[in-house]
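To begin, one chain is listed below as structure tokens, in the form predicted on its own.
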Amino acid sequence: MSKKISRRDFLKIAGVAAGAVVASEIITPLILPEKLEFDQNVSLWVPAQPPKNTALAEDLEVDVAIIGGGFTGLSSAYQILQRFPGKSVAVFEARGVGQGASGRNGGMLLPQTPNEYMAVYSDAKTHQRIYDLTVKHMDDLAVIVKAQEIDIDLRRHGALLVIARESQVAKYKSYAQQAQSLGMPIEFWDRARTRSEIGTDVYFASLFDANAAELHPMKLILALKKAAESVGARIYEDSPVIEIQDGETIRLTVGDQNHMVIAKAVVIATNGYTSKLGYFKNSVFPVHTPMATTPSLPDSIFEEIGWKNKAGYSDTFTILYHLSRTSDNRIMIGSGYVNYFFNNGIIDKDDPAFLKAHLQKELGRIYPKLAGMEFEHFWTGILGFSLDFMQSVGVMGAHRNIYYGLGYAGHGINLSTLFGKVIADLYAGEGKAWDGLPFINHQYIPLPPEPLKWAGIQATIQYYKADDAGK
């Protein structure tokens, strides 16, 4: 019997094949330039989006220009100015703060990184270090938010990783034992315990992490915007960056009036939109995924289906589903389906009716008594993904004055706000504290230019779909 190709082996093969295609690297961008376009954020969280600041209306010179008004950009602005209160820092957001994934996600605040989530991907010492620093950052983030006197609906009642295949049970049970030996409070729950907590029998077991939390992401955006402005950051909205000219001083062309911004350093905080700036365009790509919520449900519904534990959960498929209960008793369900559109397309072209039906089917499979329930809110958004599911934060450029953080792949609330602190340390020349962590200046597997990129990513998605469908 032939040996099944592992995910790592598949990624190595894909990387070698992709890296071999270089002939059209110069030609393709000329023939197929990417479009800078934005869709409307219609997520559940939009009513809490902060009122917009005015757009940039003049040329400007600053010490640090930050591109992107999501979690990474706002956190970076706050952290840099906390350390250097005399610096001038400006944030340029193409639409409104929280326009992208920061204002469209499921609100889960999870420890670890996607690669290290309930699995030792590096080594035990690094794994424990990542867990400890991401848990500590959750506490640090709560302190920042508290100082702004904004209630972000933070609920620290843990989260579950539910095991979707019986063949995975032994592996995750072994991981829980290893995690506990490292001092991490990861509990293994068998099938009966899992069923008694969340009211469904479709999973074979689960892992529970008491340190995980949930929050209202747009209220966190509001708190971070207020925090950044309180230390002196200038935030310009409806101010897309059209062009970047690298150099010892960097020139940005901003907005419809092509205002010039001159900066000594730039922070790229655009995650899935980053290719539009010409950076990481053949390594990090935008993946579209859907989300929906039910209407607010009475407690009796949760009692009827047996969902007693208020912890959210995600499953162990590669293209995973995640479910949670909001503070106003809605069931939120997301993902289970991803798509990539040609040339790093950031407008979702899938049929919304198809996507809604896809999520309704899964909700009905997990909770048969909820079959056919209509959603009150539905939206889509993009994540910044790479072939190896890794994140990267670092500094680049000939003059080492371009900082970045991206590729969060589902753990974005914790990591993006943490990366703001990392970027501030790197800017201060004090990055040694982060040495040895796999996401520091991580080098991505290269992708070929279009149209081979589209074909390769679609093939990868189909591979994962087939793998998830297998037993």
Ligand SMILES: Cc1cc2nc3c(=O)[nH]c(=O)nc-3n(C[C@H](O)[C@H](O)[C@H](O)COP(=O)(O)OP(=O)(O)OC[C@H]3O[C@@H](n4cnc5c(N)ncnc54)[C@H](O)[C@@H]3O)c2cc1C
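Keep in mind that this is a model prediction, so the values were computed, not measured. One-based numbering along the sequence shown.
Unshown form predicted together with the ligand; subsequent notes refer to it.
- Distance criterion of 4.5 Å from any heavy atom to the ligand in the predicted complex singles out 108 from the list 108, 218, 311, 263.
- Contact annotation: residue 127 falls outside 4.5 Å of the ligand in the predicted complex, judged by heavy atom distances.
- Though the partner is left out of this view, residue 426 does not reach within 4.5 Å of the ligand in the predicted complex, counting heavy atoms only.
- The ligand in the predicted complex is not approached by residue 421, whose heavy atoms all lie more than 4.5 angstroms from it.
- Although the partner is absent from this view, residue 56 stays clear of the ligand in the predicted complex, with no non-hydrogen atom inside 4.5 angstroms.
- Annotated contacts: 164, 294 and 363 are all free of the ligand in the predicted complex [non-hydrogen atom within 4.5 angstroms].
- Checking 164-172, 285-293, 186-194, 202-210 against the ligand in the predicted complex, the stretch whose residues place heavy atoms within 4.5 Å of it is 285-293.
- Along 37-58, a non-hydrogen atom within 4.5 Å of the ligand in the predicted complex is carried only by 38.
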